[in-house]
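Below you'll find only one chain, the form predicted on its own, shown as structure tokens.
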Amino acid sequence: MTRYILRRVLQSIPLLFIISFILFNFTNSLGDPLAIYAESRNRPSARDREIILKRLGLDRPILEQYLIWLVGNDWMPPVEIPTDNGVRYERGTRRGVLRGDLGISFVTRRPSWTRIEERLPWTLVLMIPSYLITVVLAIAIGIFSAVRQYSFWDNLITSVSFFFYSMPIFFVALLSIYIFAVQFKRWGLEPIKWGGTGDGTFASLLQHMVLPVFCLVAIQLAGYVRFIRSSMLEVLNQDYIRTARAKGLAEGEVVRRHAFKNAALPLVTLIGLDLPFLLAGAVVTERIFAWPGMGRLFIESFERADVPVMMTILMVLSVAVVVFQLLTDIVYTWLDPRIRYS
């Protein structure tokens, strides 16, 4: 197992370099990163713009910009900065991502990682409860539907799942606001609060979490229920399940100990793929409910071509995907003793 983990880690290093180069090219082609300066009262002149480009290294070819982002610019020759008295030479001070310098936000002039630290806790506060509720309910409903195949309850669950699965998240979010906030007030009921995170108290935070968590669970639950139902039906038709029933084991024990444990392997794969994206937040949900999370931060950075912040978010996700896929493979060996990595 140790050799397998070491081999996977070594394989992931060149993969992350390739991913980072592709993402860097993509983010730098989105727009003018200096456009944010035009929104300020003191718009930079053409000369000031040239100085900013030189200091940030944005006047160089894309490959050199990538190397500056990766390993810093202290290895490069001094940059010529035009001044009133001629030309001044400045040595680069960027250390690069490999040495812990993730760059400075073009918008706030603050370190990119600082912006991530501000938003990531809010994303986890929203995404972790919604994902836990989704997985727990999906397992219970999916197993219930599978063991009662083609019954009234199975058909009802299937129909409701298809309905929510086909609904876009923005429609569910806006409909929830209209019903539980607007209409509740008209009907004389206590409207559910939404928008932001409340006044700072725990009770207010919980009240503002109800609608976004409901929307996330409603959308995710539908797909998970269908997935677990299909996996359980495939396992329940296996010979060893019929053998367990023939031995006189209780139906609950057959489903819990023999069927679900084997049906959980595809579920582990799905969870391993989805968990890293909890760090990214829910872009649409956070935008609609004004939740100050990572998804909203990414959209704001995308709109303003804030390349350092976008690259930091994307690389955090890339590393998380590699790590969680490795953990998923390790969990396989616990669920299925036949799987061995040697």
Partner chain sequence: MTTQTDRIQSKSSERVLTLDPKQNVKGVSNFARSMRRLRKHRMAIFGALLLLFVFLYVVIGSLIIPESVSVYNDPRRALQPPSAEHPFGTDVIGRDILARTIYGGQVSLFIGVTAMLVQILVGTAVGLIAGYIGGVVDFLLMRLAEAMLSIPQLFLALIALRVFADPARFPDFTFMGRRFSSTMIVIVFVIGLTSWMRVSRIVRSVVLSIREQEYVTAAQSIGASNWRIIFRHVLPNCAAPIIVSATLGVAAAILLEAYLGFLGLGVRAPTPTWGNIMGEANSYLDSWFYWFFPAVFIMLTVMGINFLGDGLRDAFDPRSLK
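Just so we're clear, the structure is a prediction, and the values are computed from it rather than from any experiment. Numbering follows the first chain given and starts at 1.
Not pictured, yet referred to below: the form predicted together with the partner chain.
Using a 4.5 angstroms threshold between heavy atoms, residue 299 counts as touching the partner chain in the predicted complex. Of the heavy atoms in residue 66, none are within 4.5 Å of the partner chain in the predicted complex. The closest heavy atom approach of residue 287 to the partner chain in the predicted complex falls within 4.5 Å. In the predicted complex, at least one heavy atom of residue 168 sits within 4.5 Å of the partner chain. The candidate site formed by 7, 149 and 199 is entirely out of contact with the partner chain in the predicted complex, as no residue has a non-hydrogen atom within 4.5 angstroms of it.
Note on the interface: of 177 to 185, 97 to 105, 205 to 213, 115 to 123, the segment with non-hydrogen atoms within 4.5 angstroms of the partner chain in the predicted complex is 177 to 185. When the partner chain is considered in the predicted complex, only one residue from 283, 275, 51, 34 comes within 4.5 Å through any heavy atom, namely 283.
Residues 226, 234, 238, 239, 242 of 215 to 253 are found to place at least one heavy atom within 4.5 Å of the partner chain in the predicted complex.
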